[in-house]
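Just one chain follows, in the form predicted alone, and it is written as structure tokens.
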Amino acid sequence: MKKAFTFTLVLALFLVALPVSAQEEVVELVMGSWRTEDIEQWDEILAAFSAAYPNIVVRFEPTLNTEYDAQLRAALEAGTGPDLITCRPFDLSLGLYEAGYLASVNDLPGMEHFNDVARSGWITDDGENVYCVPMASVIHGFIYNADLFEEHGWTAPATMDEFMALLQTILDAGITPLAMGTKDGWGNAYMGFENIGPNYWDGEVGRQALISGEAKLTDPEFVAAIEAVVAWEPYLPDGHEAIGYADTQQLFPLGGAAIFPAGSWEIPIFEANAMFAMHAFKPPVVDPDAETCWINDHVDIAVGMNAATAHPEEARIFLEWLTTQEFAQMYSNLQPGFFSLSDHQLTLENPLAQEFLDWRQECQGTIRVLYQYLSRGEVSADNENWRIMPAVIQGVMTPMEAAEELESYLWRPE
């Protein structure tokens, strides 16, 4: 009896002396994603998470972006798939939720840090259920060659009139003003129409009116936004019809144009290749006396939980951590140009990324106008805008004809 008691006592003392991680089972979670380029950044992020939660190990296992959606759906239909699912915005992820593959995160602590615009990419049509934790957005604006501006005494424009005058001044100096081609229409749609458009249609006000049917794309404010992009044509590179997006990504860093109509995701690409200092200016307002300015702060990426995961408690712990200041700060610093969608105040190490982020303090945010609901028709209005915007810039159709065709594709909730 005495030997048995002694053995039990020693065993108990040994277990008490063990670190918590050795006493408790280590749970491994797999996180799927389409961003293979983010492996290094996620290694650092997940190391920070494991330091706080040593009994949960998250492995980042991305798939090629062109294969992610199909492979994820097939895995989920087979009853497998990653425990944590990186969520694209709007209908693709909504379809996964409606099929029962994504769990609701309505009651997840920390979700109060995300406003309605931040949640818009991952919420059911009735507004009742959020199914992914919003993680990051990208912001539209203009990146410019700061050395060139300083050399010539040019200043960043605040209004559309100033912007157009600046483009002419740059052209008169023998320099290509805008690094944009019309071969790949998605750039014209997003860095043109969706970039400056919100200041024409009053951002969220106009977007919601378009969804409800109170407004149409043929209304003056939407047509005016198309006309404004068409007015850029004389300031594009010569032969812009044959110039694609990848071409402009090389043209600008090499000093071939003064301004790049941009998404903030360009920041690390340009900083790795540019031969000059860069700054950014936000989309100019139309009315100099406007009380509100708008930026396209587009919801881009989120993370949800596989409803069939064998480890829902641990997955929720990870998702809750994604709502914290610690994660928001780390992610936004490691991914310059991708900005946390939470309401935490951030200070970024990258000065150019901080310039974009500061616009949130000056302006209100909205998202790409054709993304939510409106492109659910048999013909996607958003996809067709990739064809229509270059056509209208090239003079193949008028701005009103473009608006009429786009309006005919819109799907609206009943």
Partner chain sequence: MEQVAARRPRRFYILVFVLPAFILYSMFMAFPLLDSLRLSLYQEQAGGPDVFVGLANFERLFNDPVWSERFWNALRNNFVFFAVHMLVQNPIALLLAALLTTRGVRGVALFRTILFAPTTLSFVIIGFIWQLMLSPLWGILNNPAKTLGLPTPLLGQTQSALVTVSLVSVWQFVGLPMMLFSAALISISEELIDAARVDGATGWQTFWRVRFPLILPTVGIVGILTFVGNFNAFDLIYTMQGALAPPNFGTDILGTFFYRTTFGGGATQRPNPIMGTTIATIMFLIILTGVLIYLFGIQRRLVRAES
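Values in this document were obtained by computation on a predicted structure and should not be read as measured data. Positions refer to the first chain, counted from 1.
Keep in mind that the form predicted together with its partner chain is not shown, yet the notes after this line are about it.
- Taking a 4.5 Å heavy atom cutoff to its partner chain in the predicted bound form, the contact residue among Asp343, Glu241, Glu150, Asp107 is Glu241.
- Among the residues Tyr97, Phe114, Tyr190, Phe318, the one placing a heavy atom within 4.5 Å of its partner chain in the predicted bound form is Tyr190.
- With the partner left out here, its partner chain still marks one of 287 to 295, 134 to 142, 88 to 96, 324 to 332 in the predicted bound form; by a 4.5 Å heavy atom cut-off that stretch is 88 to 96.
- A residue is said to contact a partner when one of its heavy atoms sits within 4.5 Å of a partner heavy atom; Thr309 fails this definition for its partner chain in the predicted bound form, lying far away.
- The closest heavy atom approach of Tyr371 to its partner chain in the predicted bound form falls within 4.5 Å.
- Gln394 belongs to the set of residues with a heavy atom inside 4.5 Å of its partner chain in the predicted bound form.
- Contact annotation for Ala52: none of its heavy atoms lies within 4.5 Å of its partner chain in the predicted bound form.
- Residues of 72 to 108 lying near its partner chain in the predicted bound form, listed in sequence order, are Arg73, Ala74, Glu77, Arg88, Leu92, the criterion being any heavy atom within 4.5 Å.
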